[in-house]
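Take a look at this single chain in structure tokens; it is the form predicted alone.
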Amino acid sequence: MRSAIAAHNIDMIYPNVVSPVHALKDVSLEIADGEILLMMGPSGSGKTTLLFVLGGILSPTRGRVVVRDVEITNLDRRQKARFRLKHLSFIFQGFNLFKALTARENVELVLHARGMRARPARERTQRLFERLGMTRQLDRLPRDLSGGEKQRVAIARALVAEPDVVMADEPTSALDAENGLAVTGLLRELARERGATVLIASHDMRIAPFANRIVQLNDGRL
């Protein structure tokens, strides 16, 4: 099976006044097209760092990352941004919503950036909010949403463009059992229906039954 993501001998060292922090240590990993991979490990184990390196948000100190046959570690910042827009979506633990935009506008923005016209973008966004049980929140600003509602908007924004790869950092952390199940089910549907690859960093064992494979990170080692 073709690899959607391949990481080779990744090291990530953060400079520090006292001593450098070795966040990732010689990590190699291959993730297949359509695979749902769950990365688990204690806080500070390097899960988020690895997620961001695999998605081209962070550049590793050493090693190579290949995503969909493109070695993203060779791309400059602008090229990485264009690549992410076309192929990747992220669900951030901190939501990263634009405060001045409504829930609908935060999601439609992704489709507009990819060149979709206003009407089909609005229709697709509406359908996704219906699946997430969020139609009443469509026109609310982030300040008027609960933590769980913000999380679902962030998830809608990541899924609306039907990306090739979804990278999720603690996607169910702000959700109750029912909504966490719904969101995880959506991620699984994306993988099954479109052959998308889903990479999740989480402490949440509720996600485990949905994953094809679970890897453990401890002290920066896989």
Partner chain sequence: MVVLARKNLFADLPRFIVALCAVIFAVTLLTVQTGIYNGFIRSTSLLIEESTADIWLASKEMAFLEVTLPLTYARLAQVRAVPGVARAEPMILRPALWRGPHDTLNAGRVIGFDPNGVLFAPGSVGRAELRQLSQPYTFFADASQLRALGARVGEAGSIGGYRARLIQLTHGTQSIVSPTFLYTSLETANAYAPSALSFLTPTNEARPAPLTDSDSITFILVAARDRNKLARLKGALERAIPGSRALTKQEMVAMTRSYWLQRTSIGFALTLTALLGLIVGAVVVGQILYVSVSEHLKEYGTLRAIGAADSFLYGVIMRQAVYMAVLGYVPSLILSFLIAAIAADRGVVIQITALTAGVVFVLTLAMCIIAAAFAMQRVVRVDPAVAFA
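Since the model is a prediction, treat every value here as computed from it, not as a measurement. Residue numbers count along the first chain shown, from 1.
The same protein also has a form predicted together with its partner chain, omitted here; what follows describes it.
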Residue 72 within 4.5 Å of its partner chain in the predicted bound form, heavy atoms: no
Partner proximity in the predicted bound form: residue 92 to its partner chain, non-hydrogen atom cutoff 4.5 Å: yes
Any non-hydrogen atom of residue 96 within 4.5 angstroms of its partner chain in the predicted bound form: yes
Touches its partner chain in the predicted bound form: residue 112 (any heavy atom, 4.5 Å): yes
Joint contact, 78, 105 and 169 to its partner chain in the predicted bound form, by non-hydrogen atom at 4.5 Å: yes
Option touching its partner chain, based on a heavy atom within 4.5 Å in the predicted bound form, out of 145, 138, 128, 85: 85
Residues from 172 to 200 in contact with its partner chain (non-hydrogen atom within 4.5 Å) in the predicted bound form: none
